[in-house]
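Listed next as structure tokens is one chain, alone, in the form predicted alone.
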Amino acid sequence: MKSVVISLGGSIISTDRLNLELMESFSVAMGDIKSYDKFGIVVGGGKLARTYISDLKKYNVNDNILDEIGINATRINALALTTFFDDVNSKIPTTINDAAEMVHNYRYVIMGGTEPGHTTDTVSTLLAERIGASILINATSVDGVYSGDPRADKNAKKFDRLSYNDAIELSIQNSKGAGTNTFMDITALTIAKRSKIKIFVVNGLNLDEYKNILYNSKCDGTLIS
């Protein structure tokens, strides 16, 4: 069984509205790929999650509850994505174990978050590890990993390749300070390192990237290995 896991970022799925056009195009693109038997797809919360969390923070709502709200937002987005696929789970799994069981029954298993403290990137790497996927595609709104935020720093350098250790160090640097944003969290990178899962960080809006990775093991983004 040849499997791949895709972390479909909330930043491309849920913006000012649900990006239904992308969901449809993405499902068609995945259906065209015959070189893989199983697809695990983990969906982020995007603006749906951020809106609830930012509004409730003003009322000093407990962080654990905010995490739960964010998780439920990811599951709503995941359920919406399932409507564009055939041979897919109709119930959204809430644990890695549940998702791994579903992989035996469906070609596509789509899920969101699992528990407070775990980002969807961490969920993606745990799922990849569990089902033996050697490749993880991290589909984001940025076309790779940069030395800084390319939207704020015009001098930020894009990396074609990074080692696991260099990626972990960069993630640590980028996560310092209030309001910072990092390409992938340290836990996810550490899991990928221990199981030697190749991570391709790409612009998820570019559907050719998925095909290029799954057919040729190449991308215009960043390879972490």
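Residue positions are given as counts along the sequence shown, with the first one as 1. Computed from a predicted model, the values in this text were never measured in an experiment.
One more form of this protein exists, namely the form predicted together with a small molecule; it is left out here, but the text below deals with it.
With respect to the small molecule in the model of the complex, the three residues Ser147, Asp166 and Leu170 uniformly fall beyond 4.5 angstroms at the level of their nearest heavy atom. Contact with the small molecule in the model of the complex, judged as any non-hydrogen atom within 4.5 angstroms, is confined among 109 to 117, 96 to 104, 82 to 90, 128 to 136 to 109 to 117. Scanning Arg50, Lys158, Arg161, Arg194 against the small molecule in the model of the complex with a 4.5 Å heavy atom cut-off leaves one residue, Arg50. In the model of the complex, Gly46 approaches the small molecule with a heavy atom inside 4.5 Å.
When the small molecule is considered in the model of the complex, Gly9 lines it closely, a heavy atom lying within 4.5 Å. Using a 4.5 angstroms threshold between heavy atoms, Gly70 counts as touching the small molecule in the model of the complex.
For the chain shown alone, Val142 is not a contact residue for the small molecule in the model of the complex, no non-hydrogen atom being within 4.5 angstroms.
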